[in-house]
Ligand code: CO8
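Coming up is one lone chain in C-alpha cells, specifically the form predicted on its own.
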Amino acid sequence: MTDIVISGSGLYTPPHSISNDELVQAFNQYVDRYNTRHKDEIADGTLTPLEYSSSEFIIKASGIKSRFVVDKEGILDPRRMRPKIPERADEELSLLSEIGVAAAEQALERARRKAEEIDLVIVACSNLQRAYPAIAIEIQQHLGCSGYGYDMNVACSSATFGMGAAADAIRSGNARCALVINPEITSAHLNFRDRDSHFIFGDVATALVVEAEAGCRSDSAFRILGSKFKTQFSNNIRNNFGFMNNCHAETRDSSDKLFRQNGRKVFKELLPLVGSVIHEHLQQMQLQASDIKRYWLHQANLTMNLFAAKKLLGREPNEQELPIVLDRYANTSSAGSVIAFHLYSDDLQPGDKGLMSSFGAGYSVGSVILERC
C-alpha cells in the first residue's frame, strides 16, 4: 500500500471579528424592536415575547467568545442581521473560491509544492456557494492545477471525508498530489435572530495538501495511518435551502432555509456515535487512547469536546492533548478540526500520533489517525 501524508496545511482568517458583547447588543436591539412591534399580540397572549441573549449565556452554552466573519456591518445591524455579501459577476472569482485559494496557497507553500503539481482539487465543506460549476474546478482553474476537481458535502465532517477521498484517489493511481480545501462562509446560513443559535458559527477557510510519502518535500509531514467514517440519518441538524425552494414561493424565505438544530438531541445522540467510531478506530489500529498525543476534534462546542475526550481517555484532557480554537473562531463547520491541526501540530515529534475527528449533521463522523514523519 502507498503511504499517504499530509504535507502542508493552510488557514485563511477573515479580517473582521465579532465579540459576544457586540453580537448580544445587536440581538437584544432586535428583540426590543420585535417585542415593541408585536406588543398587542404579546399583551393578549397570542404571541410569546422574545428573550434577551447574553455573553454569559453564550459562553456557558458553547465556550465561544468571538468569531471571524467576512462582513461585520450587516450582521450587527438589528434591521438586517445577515452579512452584506454583494453578488459577483460570473467572470469574477467567487468569494468561496477566493478564501479557498488563500488557504490553498499557504498549504502549498508549507508543502513546498507548486500549484501545477496538484492534479486533484476537492472542495469539501458544508456551505457551497452554488450548485455548479464546482467551486473546486474554479479554484483549479485559478491556481493552474492539472487533473480534475469536484465538490463534496458531508456537513461538518466534510474535511475528514475529503482527506479520505484524496488518499484513496492517490492509492488508486487516479491522482498524485491533492488539495483538500474547506472554505466556510457559515455566517450566510446562520439565523442571527434565533437566540439558541445566533452565536454558533464563524467564517474561515482551511486547506491540506495530501500526497504520496515517496517524493514528499515537506519537513513537517504527517503520515495518514488510517481513517474511519460513519453516517447515520438524523433531522436534528438541518438546513432546507436548495434550488427547489424556488418552486414554492410561499415558504421560500422561511427560517428553515437557514441552519437549525435540536441541541439537546444532538448532544445525546451524536456524542455516543462519535465515541464509538473513534474507539473502534483505535482498536482496529491496535492503539490505546493514551497512545494519541493530540486530539484535533471538530470545534463545535466546548462541553462536547471535553466530554468526548474524557470518555476516551478516562480522565480530564489537558490543553496540549485537546487544543481548543472555537473560543476565538467559533464553530467553523468542516474547517474546525483542520484549524486545530494547523495551529497545534508543529511541536509534535517524529513518531508522535494524533487523531483528527470531525462530526455533525447527517449524522456523520470522520476519524483520521496521523503520525509525524
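Position 1 is the first residue in the sequence shown; the rest follow in order. All of these numbers come straight from a predicted model, not from anything done at the bench.
What follows is about the form predicted together with the ligand, which we do not show.
- Remark: A361 counts among the residues lining the ligand in the model of the complex, judged by a heavy atom distance of 4.5 Å or less.
- Interface residue remark: L190 is counted as part of the site for the ligand in the model of the complex, having a heavy atom within 4.5 Å.
- Contact check for F161: every heavy atom lies farther than 4.5 Å from the ligand in the model of the complex.
- D196 belongs to the set of residues with a heavy atom inside 4.5 Å of the ligand in the model of the complex.
- Contact with the ligand in the model of the complex, judged as any non-hydrogen atom within 4.5 angstroms, is confined among 319-327, 37-45, 61-69, 336-344 to 61-69.
- The candidate spot formed by F201, F259 and A300 is fully in contact with the ligand in the model of the complex: every one of the three has a heavy atom within 4.5 Å.
- Of the listed positions (M152, V266, A169, A212), a single one reaches within 4.5 angstroms of the ligand by any non-hydrogen atom in the model of the complex, namely V266.
- In the model of the complex, the ligand lies beyond 4.5 angstroms of every heavy atom of every residue of 274-297.
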